[in-house]
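Just one chain is shown here, as structure tokens, and it is the form predicted on its own.
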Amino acid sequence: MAGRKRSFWIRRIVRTLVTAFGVSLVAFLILHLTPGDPAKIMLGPYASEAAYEAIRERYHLNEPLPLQYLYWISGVFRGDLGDSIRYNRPVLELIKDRIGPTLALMGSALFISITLGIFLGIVAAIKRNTPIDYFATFQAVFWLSIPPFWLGILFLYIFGLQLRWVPIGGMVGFTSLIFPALTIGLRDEAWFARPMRAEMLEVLNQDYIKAVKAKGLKYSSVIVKHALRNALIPMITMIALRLPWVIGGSVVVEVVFSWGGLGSFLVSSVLARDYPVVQAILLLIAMLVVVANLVADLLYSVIDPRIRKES
């Protein structure tokens, strides 16, 4: 059993490393896939030839493409992500200044979406075909039908401009985090509520649940101790699959709410053609997703050993 578990984990880690290599390759090529001279793309058409040559020298743009990748990835492993052209500062320092707000926003949004979605899914399954079930279905469809940027603008207009409960933009205390997190969390909650309801209904119809009920256990004990754990297992995969969308949503929401995180920094860097920053942020976001999927796989195998046997 220990050997099987170790083999399962090794295969997952190797697959993650291969994916990470592919992700780093895409992040590196983002500069070279843009038509034109990379140096002129970064500095614009009006810089001097000496400035162009300095950029080519700094980023080894005169070298063959495979060698450029080796220079770049070796720098990544050393913690050297290059220098920002716009700020003339190390990219790693700029990312450190902004990763905290992004993690706070993503963590709050995930907490809202997971807890609310799982809770509503459980309640809807227990109260099947009742007004509570219909409300859970309606609210899920409602939040999914609203684009995140429009919902964010609506929150700003109502609670910022009209009621003046929260700041209109920026990071001014805890209150400024509430509605950006709700903008992402409420939409993603809908993605968890419906699958949770379906999984809970399937588990409640299993024979072992009927047998436990027949023994006279309290219904609440049957739900919490026996049904809930098995119903939650597929949700781990759901959470991992939704993480890229949470990150993508945070980019849009950060711009709407003027939130000083990596998302708004990425957008401004793209507009300013600060490609060393763009490469670094894309690599970081992609690696977060890859690691999250690895953790989900490993947690899945720990909670449900049948996954290792099937693999």
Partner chain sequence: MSDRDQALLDEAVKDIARLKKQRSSQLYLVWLRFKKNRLALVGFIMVCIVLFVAAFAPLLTPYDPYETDPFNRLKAPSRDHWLGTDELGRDVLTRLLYGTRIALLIGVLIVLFEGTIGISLGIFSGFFGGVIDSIVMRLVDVLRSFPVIILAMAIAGIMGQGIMNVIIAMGIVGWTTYARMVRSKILSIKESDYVEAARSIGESKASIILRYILPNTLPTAIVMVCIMMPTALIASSTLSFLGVGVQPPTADWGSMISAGRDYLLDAPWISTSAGLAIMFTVLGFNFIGDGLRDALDPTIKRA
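Positions refer to the first chain, counted from 1. These numbers were taken from a predicted model, which means no experiment stands behind them.
Another form exists, predicted together with its partner chain; not displayed. Remarks below refer to it.
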Exercise. Does every residue of 99, 206 and 210 put a non-hydrogen atom within 4.5 angstroms of its partner chain in the model of the complex?
Worked result: no
For this session: Would you mind picking out the stretch of 107-115, 177-185, 227-235, 190-198 that comes within 4.5 angstroms of its partner chain in the model of the complex, counting non-hydrogen atoms?
Result: 190-198
For this session: Indicate whether residue 277 is a 4.5 Å heavy atom neighbour of its partner chain in the model of the complex.
Result: no
Exercise. Is residue 147 close enough to its partner chain in the model of the complex to count, meaning some heavy atom within 4.5 Å?
Worked result: yes
Problem set entry | Non-hydrogen atom contact residue 61 with its partner chain in the model of the complex at 4.5 angstroms | no
Exercise. Could you tell me if residue 23 has a non-hydrogen atom within 4.5 Å of its partner chain in the model of the complex?
Worked result: yes
Seminar exercise, completed: As a check of understanding, the residue in 138, 71, 119, 219 with any heavy atom within 4.5 Å of its partner chain in the model of the complex should be identified as 138
Seminar exercise, completed: Of the residues spanning 239-254, the ones with some heavy atom within 4.5 Å of its partner chain in the model of the complex are 242, 244, 245, 247, 248, 251, 252
